[in-house]
Every structure is written in C-alpha cells, then in structure tokens.
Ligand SMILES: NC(=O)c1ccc[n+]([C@@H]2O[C@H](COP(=O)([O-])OP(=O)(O)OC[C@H]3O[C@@H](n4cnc5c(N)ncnc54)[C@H](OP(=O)(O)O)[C@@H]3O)[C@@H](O)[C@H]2O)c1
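The form predicted alone is given below as one chain in structure tokens.
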C-alpha cells in the first residue's frame, strides 16, 4: 500500500485508534512518525511493529503551544523528509449536559478536537513540508459531530467544527493534489470509550449496544479506513466525512 519513502505522521499513536493506525501504516510499508504524550507507550511500538527501522517515536503535547504546531511539523520534515500523509487521531472525550456548558470547558475541547488538528494541517499543507500531488490528510472526528447523544454537546460541537474546517481545507488544497478527509466513528473499544463509560456509567453501554447491529468497533476497524484514505487507492476521495458506526 505504501513505500518506505512515504512518511506518515500519526498523532495519538500511544493508544487506541492512533496506535492501530501507526502499526498498520508501518506494516503496509510506510515510514511512520508516531506522536503522542505517553512516551513509554510510544516506545513499545518499536517492539511490536512490523518494521522498527521505519517507526520513529516523537513524544509531543499537541496542546502545549497550539501556535507552534506548524513549526513542529516543519521540524519533523527536516529530520524525516517531506510528509506523504498525516492521520490526526489524538483526542479526548467530554461528557457533560449543556446545562453545565462553560466557555472554559468548551475551550479545552476545541483545543484538542479542533484547533490542534487544524493547526497541524496548516503546517502539513505548507508546500515545504509535504510531497505535493498525492499527499493526504485524515482526521478522526466522531459520530457525535453528526448526531450527538445527550451530554455530548461540547464534544460534538468541537468535532463538527473540525469537520467543517477540514471540508473547507479540502477545497483550498485540491488544486495541489492534496486530499483531506474525516472519519466519524461511533463507539470503538478504546481507552477513550472506557473514559466515556467512567463518566456516564455502565448503563450507557447497555443502552447503546442494541443500536449497533454489527457490535461496537475496535481500533483496527478505524485504522483500516484511515490507511485506505491515506493511500493512492483513495485518490478520488476528498472533502468527505465518512461515518463508521457498525450499522447504528
């Protein structure tokens, strides 16, 4: 699917969807820059990936300085070469009723769910940092961006803003042959889902389970779609937000 010269940045690679995407892209032949906040978890990727010589751990806190993200992307390009793709999988869930809405909480959600991915995309789309024709961006949004459950208003709003920004970006860079897509997963069995259950209670899963005729997803289900959208096999797909919800 990829060649060793294809450099792909995967954020959120220390767990869940990001981890699965980094491992899959590495197995499919790409050189992967695996970024995340958990240094120890990133380092274990080298022990289990298919090609350790093509996987580079880059611990980084994406929200430490949002304005510096384009500079960070430029630094990665200098050290590893121009980027062929980026899968932005880093994220965090928020579950609280709209009666508890506050600008402070919304700002936290928007920082990691919207501002960070779009600022990283700004760096990626700098002509100096990507390979040009055939380069691709994939953002992990959420089903909540389309149809939020109760208590998902802040999270859904942040992800919806990401989808809108990504769609606009896809139109702006299409003339350069760069593709931009989003994936909006439903419930996927990851640490983020565990955090949702912690916040909302086991009853939440019991209510949701009957709505998923194919069952809850796993991280690899999303990773396969992300890798496809990054590859040349998806050369005619851009500006899309693909719901991935197990038939919900």
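Please read all numbers here as calculations on a predicted model, not as lab measurements. Residue numbers count along the first chain shown, from 1.
Separately, the form predicted in complex with the ligand exists; it is not shown, and the next lines address it.
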| query | finding |
| --- | --- |
| Site test, 36, 141 and 190 vs the ligand in the predicted bound form, non-hydrogen atom cutoff 4.5 Å | yes |
| Single option in 28, 62, 223, 45 placed near the ligand in the predicted bound form, where near means a heavy atom within 4.5 Å | 62 |
| 4.5 Å heavy atom contact, residue 14 to the ligand in the predicted bound form | yes |
| Residue contact check: residue 106 to the ligand in the predicted bound form, 4.5 Å heavy atom | no |
| Touches the ligand in the predicted bound form: residue 87 (any heavy atom, 4.5 Å) | no |
| Contact flag, residue 112 vs the ligand in the predicted bound form, heavy atom cut 4.5 Å | yes |
| Region of this chain that lies against the ligand in the predicted bound form, out of 96-104, 79-87, 155-163, 121-129 [heavy atom, 4.5 Å] | 155-163 |
